[in-house]
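The form predicted on its own is given below as one chain in structure tokens.
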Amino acid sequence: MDKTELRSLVEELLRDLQPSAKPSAPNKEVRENFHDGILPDITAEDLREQYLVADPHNKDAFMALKRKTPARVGVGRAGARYRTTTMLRFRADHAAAQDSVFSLVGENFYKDNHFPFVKTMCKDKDEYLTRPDLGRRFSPESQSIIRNLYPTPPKILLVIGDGLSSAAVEANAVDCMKAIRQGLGSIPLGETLFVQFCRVGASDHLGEITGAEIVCMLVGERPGLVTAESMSCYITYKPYPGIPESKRTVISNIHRQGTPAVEAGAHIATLLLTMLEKKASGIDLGRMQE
């Protein structure tokens, strides 16, 4: 039974059950949040500003703590359980994370921004999630496209990979890449490559294919319940397949509640200039800066 047949079966069962179902009235907490029959978007509220404990002993002190972390503290309770608002927010954030993992970056993203498109050896999202090794390599056809794009080895190869969060890439990558390019000034840069079904290790194969001195990759990170829009940057000096992970420099938590995209881009550009000077990345660069 394929996915379409399974979906049809489930829908039919739900239709059969509908007449006998007795919808329950929303509880008091949910009713109070209705406006013209529509619930507000509960994910729009910053968790650091949300405090749901009734009759707190010292709310000001607790709020000062909450503003330092988006962790789910101070959520209150209804008897021995979470409050409805807390449960709904948890489910909404979990749904956003799942959507970000399973959805693709829209075609308009790389077409409108004129990013050349290639993909790894994964044929679809399911294979990407189950075969990380294929997300690190390119087919002969893709390798040919890449070589034609970069006929001479670039000093810095700029790459955007979808990774595990399409939402992170769509929300942050363009602004971050603009800031990187601006920060690099007069250094000659080729086109920014967009890689579909991309793992971090794809940068190593790109280094082998193009002979780039540095590969700088922006990639969507595995989303969590705090945000589905977190992006990271992985920078590797003279990468090659099998290079130790310790040779990479990583800037993580690039999103609106973490390090803003433009600020991250400026920092990345400074790091790239340092790496060109020191000819190192990762722990090798760290040792030189001690």
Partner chain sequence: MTDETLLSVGIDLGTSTTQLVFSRLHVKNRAAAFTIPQMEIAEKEILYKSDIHFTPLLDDSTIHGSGVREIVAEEYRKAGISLADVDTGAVIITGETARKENAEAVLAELSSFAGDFVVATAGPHLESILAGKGSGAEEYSREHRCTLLHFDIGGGTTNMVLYQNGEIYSTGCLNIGGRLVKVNDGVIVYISPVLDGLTDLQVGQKVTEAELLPLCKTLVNALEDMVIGAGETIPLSLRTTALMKLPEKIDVLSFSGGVADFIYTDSQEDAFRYGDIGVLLGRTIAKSRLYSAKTIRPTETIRATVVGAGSHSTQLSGSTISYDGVEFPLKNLPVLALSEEEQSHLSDAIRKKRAWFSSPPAIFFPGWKNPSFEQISHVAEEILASAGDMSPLVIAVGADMGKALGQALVARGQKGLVCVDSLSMGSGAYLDIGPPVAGGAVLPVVIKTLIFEK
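Worth saying up front: this structure is predicted, and the values here are computed from it rather than measured. Positions refer to the first chain, counted from 1.
Omitted from view is the form predicted together with the partner chain, to which the following refers.
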With the cut-off set at 4.5 Å between non-hydrogen atoms, does T259 touch the partner chain in the predicted bound form? yes
Does E263 reach the partner chain in the predicted bound form if we count a contact as any heavy atom within 4.5 Å? yes
Residue-level contact is defined here as any heavy atom of the residue lying within 4.5 Å of the partner chain in the predicted bound form; does A61 satisfy this criterion? yes
Is there a heavy atom of A179 no more than 4.5 Å from a heavy atom of the partner chain in the predicted bound form? yes
Which pick from L225, L52, I251, I243 sits with a heavy atom within 4.5 Å of the partner chain in the predicted bound form? I251
Consider the chain as shown here, without its partner, and state which of E191, D133, D175, D99 has a heavy atom within 4.5 Å of the partner chain in the predicted bound form. D175
Please name which of the stretches 179-187, 210-218, 84-92, 152-160 has residues with heavy atoms lying within 4.5 Å of the partner chain in the predicted bound form. 179-187
